[in-house]
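Shown next as structure tokens: one chain only, the form predicted on its own.
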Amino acid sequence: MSGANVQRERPVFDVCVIGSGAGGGMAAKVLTEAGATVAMLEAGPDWDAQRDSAMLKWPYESPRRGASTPERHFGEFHAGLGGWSLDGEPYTVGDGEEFRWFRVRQLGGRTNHWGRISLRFGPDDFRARSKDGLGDDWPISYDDLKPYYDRVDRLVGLFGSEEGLYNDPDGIFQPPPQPRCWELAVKRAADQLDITCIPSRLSILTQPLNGRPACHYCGQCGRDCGTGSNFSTPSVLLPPARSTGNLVTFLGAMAREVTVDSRGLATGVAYVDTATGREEHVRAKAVVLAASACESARLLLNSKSALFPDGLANSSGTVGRYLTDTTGTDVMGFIPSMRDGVPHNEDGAGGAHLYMPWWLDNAKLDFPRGYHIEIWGGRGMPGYGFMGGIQNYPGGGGYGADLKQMYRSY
């Protein structure tokens, strides 16, 4: 709903939650079910997967064949409204630095299009400094967090397998889907090399749960799921929060700062109504910042007052510093034995059915800690672009009947 209509009454909410993604959605669910009144601020528009998902659209249904747009950088059928550059939201980068800030503006945030990879931190991840001297140990352990991991697993639903790996703890799993043809080829090679390769752990249902049906394997999770078979905040967390009658959602509400009283306690959030450009204010007894790492830091730094001249919670001067990202790289290969296969539907879940958790001994390596490998492959739906990369395969493409045969073969 629009914030302007509610502002006339100026209620005082128990809590104001900034952001509607994974953190904000869970905060809203838990708080409203506990009886608290919650105002949720979302900078973007509404999003409903049943109404807005394009998971079954074909590229030929668009003159752009699904190519990216200024509003959807990963393709016009993608469920991420946003990108690296947003009108009216510029940002600067320090001299000699390179940083690309991807932001999403919609109800549910990135939960509408994330990869659904749901891996727990292991015991060693909470005491990494004790092991390699880098960073800091957590003040809690895996055992402290395990009951909450279990609760989330039962609520959200994810598939996986019990493997008993020490630092890749098992969860509450539904049965994993069977590996696809290309995954079986990778699995066979991994077994020969003694590389751990196990079923993925994704927040996608393979059995019905809490009124949500099992995945129908269309393979288009990035477009969000119209049946709610994978996890997103609008499909899983917001419906029970709304059913309490304790949640009010402010859409198009770009948070500007957390306001405080003379004691330094939060009194609410000042925000800009993106439709009118007017500044509004939500009153609340407490504020939850769940606006993503960079946005939450921006809001803390922006919340300056006589009591907090450097911003809220920033007496140390470290807010906005020491941020890190999930880094990765990719390598593509061609498996000759898979040429000329029988055409068949191998869409599966919207992600790899297998992955490789960290399997090596760090003491023998020249870098700290490790990584995991997410594998990909198989046939993909034709889309926009030229040649589909066939020029990179043996033969380099061609013309006419030869080109068509190469596409079928590869």
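Because the structure is predicted, anything quoted here is derived from the model rather than measured. All residue numbers are counted from 1 along the displayed sequence.
The same protein has a further form, the form predicted together with a small molecule, not shown here; the description that follows concerns it.
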| query | finding |
| --- | --- |
| Within 4.5 Å of the small molecule in the predicted bound form, all of G44, V104 and H113 (non-hydrogen atom) | yes |
| Heavy atom within 4.5 Å of the small molecule in the predicted bound form - residue from L299, L247, A284, V156 | L299 |
| In the predicted bound form, the one of T267, S303, Q174, S292 near the small molecule [non-hydrogen atom within 4.5 angstroms] | S292 |
| Stretch in contact in the predicted bound form with the small molecule, which is absent here, among 186 to 194, 253 to 261, 135 to 143, 334 to 342 (heavy atoms within 4.5 Å) | 253 to 261 |
| The small molecule contact at I117 in the predicted bound form, heavy atom, 4.5 Å | yes |
| A22 within 4.5 Å of the small molecule in the predicted bound form, heavy atoms | yes |
| Any non-hydrogen atom of F308 within 4.5 angstroms of the small molecule in the predicted bound form | no |
| Touches the small molecule in the predicted bound form: C16 (any heavy atom, 4.5 Å) | no |
